[in-house]
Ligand code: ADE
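Heads up, the chain below is alone and in the form predicted on its own; it's given as structure tokens.
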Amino acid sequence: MSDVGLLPKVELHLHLEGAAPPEFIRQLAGEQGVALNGVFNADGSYAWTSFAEFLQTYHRACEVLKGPEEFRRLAEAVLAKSAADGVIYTEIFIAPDICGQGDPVAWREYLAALNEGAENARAAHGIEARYISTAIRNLGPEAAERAALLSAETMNGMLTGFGMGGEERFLSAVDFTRAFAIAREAGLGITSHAGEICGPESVEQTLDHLKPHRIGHGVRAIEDPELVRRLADEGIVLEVNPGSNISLNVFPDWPDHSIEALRRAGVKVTVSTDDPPYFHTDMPREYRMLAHTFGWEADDFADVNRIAMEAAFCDEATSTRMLEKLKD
């Protein structure tokens, strides 16, 4: 079989800061004279062995992302890497509470810089990108509502979605109903992390109260057959990140992952990388591991990419153009 890692790809679940190449963070640290002791392994990769250390390293690496200019450069670096990996369309999570600490004026400055970065990457590499503004769950419902309002006020051709990340065990989906209603009424595409650290009840509550078009992760839905049937019947698209799930011990190893069982049950699954350099992965590796583990071939990946592109939070013309590129 030919190398599936070389196929064109669509990625829907990528955290901007979490996708920062280690060499880019080291470059910024050198420019700023910041010592990031303990952030990198001897081979230059991000250093962590437990979930707590992962979070610590993640936040320390973000110390050098100090303003809009750094985020413009970050967007260009992340998109250059994605394009090199064969990604033709991607959606990236950004957060008003990180980009400007929730200040409306600062958020607009960051968003303008991020849009410039995406446009520069399109011109340089041909990759198409959109942004999903996210609430950080563990900051609480009021912060989520502020993030939703900011997102609704600044949505444009590049900022097209709204979601929620952060600590999945904090509160319940019902506590964030108003935030998601604000975003939905504004016309933003809706997604939310669920069913990763927490079990199928997290997915069910998210479906009931946040009414998303897609679910980030959702892989632990496999523990509830009735929920699996509901996902299939309602056509909910899962943004699945197998390498991430295995690195964080959601599943012990690739053969144990639920993506194949979910797909066979009729659930619409897609493939993404989440925070790829932290999990020692990229899109070609995800494809190769899925082929090796479950026997996926080019037609399987074509089907997954079609599902992803049809579920993408972009205009119809862009979707049609990307679908044609996938066929070519």
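Owing to the predicted nature of the structure, the values given are computational and were not obtained by experimental measurement. Counting begins at 1, following the sequence as shown.
Below: the form predicted in complex with this ligand, not depicted.
Student: Though this ligand is not shown, can you say which of G165, P200, G100, G189 has a heavy atom within 4.5 Å of it in the model of the complex?
Tutor: When this ligand is considered in the model of the complex, the option within 4.5 Å is G165.
Student: So this ligand isn't shown here. In the model of the complex, which residue out of E145, E196, E128, E204 has a non-hydrogen atom within 4.5 Å of it?
Tutor: It is E196.
Student: Checking a candidate spot here: are Y89, E310 and F313 all in contact with this ligand in the model of the complex (at least one heavy atom each within 4.5 Å)?
Tutor: Heavy-atom distance to this ligand in the model of the complex: none of the three under 4.5 Å.
Student: Using a 4.5 Å heavy atom cut-off, which stretch among 259-267, 296-304, 25-33, 272-280 contacts this ligand in the model of the complex?
Tutor: Residues of 272-280 come within 4.5 Å of the partner.
Student: Quick one: is R214 in contact with this ligand in the model of the complex, heavy atoms, 4.5 Å cut-off?
Tutor: Contact check for R214: no, nothing within 4.5 Å of this ligand in the model of the complex.
Student: May I ask you to check whether H15 falls inside a 4.5 Å heavy atom distance of this ligand in the model of the complex?
Tutor: So H15 counts as contacting this ligand.
Student: Contact with this ligand in the model of the complex for Y58, defined as at least one heavy atom pair within 4.5 Å: yes or no?
Tutor: Answer yes; at least one heavy atom of Y58 falls within 4.5 Å of this ligand in the model of the complex.
Student: For F54, is any heavy atom within 4.5 Å of this ligand in the model of the complex, or not?
Tutor: Taking the distances in the model of the complex, the answer for F54 is yes, it comes within 4.5 Å of this ligand.
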